[in-house]
Each structure stands twice: as structure tokens, then as C-alpha cells.
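Next up: just one chain, as C-alpha cells, the form predicted alone.
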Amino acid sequence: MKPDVSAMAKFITYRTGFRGGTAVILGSGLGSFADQLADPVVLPYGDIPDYPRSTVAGHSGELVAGNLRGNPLIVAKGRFHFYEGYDYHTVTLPIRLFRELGVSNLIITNAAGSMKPETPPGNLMLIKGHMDCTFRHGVELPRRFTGHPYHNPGLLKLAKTAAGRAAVPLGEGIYCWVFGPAYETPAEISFFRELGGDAVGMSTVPEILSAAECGIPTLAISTLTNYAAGISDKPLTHEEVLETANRVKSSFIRLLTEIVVLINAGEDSQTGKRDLLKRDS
């Protein structure tokens, strides 16, 4: 029996008062952004009827509703992965829930491994495109997807403006999705680089695909927390991921805050920005 997303949404609205706005999904070690919300209402995943649990370190498993500089926001501190034993429908459940909650724009974040020696850990990367490198549908080479309907051009442009205002360096690149939980081999990373990949991780793409199906304009950002296998001689550990995420949290918070403010300014203005975001979705 599939979870009743409508009932979940009604429960969350009753408990938090959230009635639409921007949603943010926070990746490993990035939960401190939620601490910036004013008048926060914290709702553990375990309190939501039939809602899955997040089991990974760095994912606290909470929804936090509040406002950021007067802008309504709901934040998911933790996500679900295939390697936790969840199926695709469960991994993407939060996106369908956000649609039911009236979310008008979605920001997805993650911790990812850099596949470019010139882009070391500690950098932020705007995801301008993605590749599904799980081979879950067959042996065909992964395709690169950019632009409509997955990566909203209006939000990509807005994020670059926000980075300038926040004085936060922001690169851009192609994100490669793998199943995990084991880190990739050097041979796999070499293969992904040949395909045009810039960063690799174990999440995000299912959420992007689901958001496109739900018609929610989406922006995705990676915090590059480590070098991918074979790029550096340093062993890969989840501890390094969390340590690097903590080190760059100030820049990460400034960037996301500015993005949320600009999204809301566009939606509330008469300049046509709201229509741009929707049309490009």
C-alpha cells in the first residue's frame, strides 16, 4: 500500500503552518542552513504518518518550516537513498509531498566528489546538467541532460546573481549519479570524466527527475567535499565529507540565503521574473 501523500501534507500543514513557498533539500553535513530560519517549527520524520526514516550520518531526519528574511520556507534535513534499501518511489516521495504542500520552487543540495583536479574540495558547484550513471535501465551509455525540464534556466541565472551578491565563488558542472554505498573506483571515475562529468554522488538525480514530473522549477547545488577516487591519493571517507561540509557552511548558507531572497523577490515583483521561472520549468 502506497503512503497517502495528501494525508501527510495535511498533517504537516496542521503541525507547521506551511502553506506554500520554497523548499530546500539539504545534503550530508549541510543541515546547519535550517538554523537560519526564524520562527522554526521542527517536525521529525518519525512523527509524520507513514513517512520514511533517514539513516545516514549527517542527515538528521527532520522537516523544518519557518521563514528566511520573511520568505516562507520548508527545509528537509536529510534525504533517502537507494543504498539504504529504499525503492525509487520512496526516494522521490518528498518531491510529491512538496507538490502537495504548494511548493513553487525547489533547491536541492548535496555533498559530492570532485572529478576535476582543478576544483578541489571546499568549492560549490551549480549543477547545470546531470547523468544517470547507475545503468539501472540497461547497458547504454549515460546521456547528459541539461536545461528544460530538469535544470531551470531562470533559477540557474538567478543563482549566479546570488553568488555575486553574496561574494561566494560558484562553479558549474555536470553531476553524475551512482547508487553507492561504496565509493566509485578510479576506473569508474575516469569513465565518468570521459563522458563529461564534473562531480559524482549518490543522490539528487531521482529528485530532479521527480520534480520535473511534478512541474516544480528546480535548482541543484553540490558542495564538493572530497576528490573522487583516483584524483587524489587520500582515502575516501564519510568523515571527510562531513568535515568539509562544516568548513564551507558559512559560504553555503550565504549563497542559499541570497538565492531564497531573490526567488521571493522575483515572485512578488511585477517584472515578470515569476513567469520566467515557471515558463522555464
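Each residue number is its position in the shown sequence, starting from 1. Everything numeric in this text was worked out from a predicted model, so none of it was measured.
This protein has a second form, the form predicted in complex with a small molecule, left out of what is shown; the following refers to that one.
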{"query": "Non-hydrogen atom contact Gly113 with the small molecule in the predicted bound form at 4.5 angstroms", "finding": "yes"}
{"query": "4.5 angstroms heavy atom contact with the small molecule in the predicted bound form for Glu184", "finding": "yes"}
{"query": "Contact test in the predicted bound form: Ile107 vs the small molecule, heavy atoms, 4.5 Å", "finding": "no"}
{"query": "Contact test in the predicted bound form: Leu236 vs the small molecule, heavy atoms, 4.5 Å", "finding": "yes"}
{"query": "Among the candidates Leu26, Ala228, Leu63, Ala220, the residue which, in the predicted bound form, approaches the small molecule to within 4.5 Å (heavy atoms)", "finding": "Ala228"}
{"query": "Residue (of Ile95, Met202, Ala162, Ala76) lying close to the small molecule in the predicted bound form, criterion heavy atoms within 4.5 Å", "finding": "Met202"}
{"query": "Answer range among 121-129, 176-184, 145-153, 162-170 for contact with the small molecule, defined in the predicted bound form as heavy atoms within 4.5 Å", "finding": "176-184"}
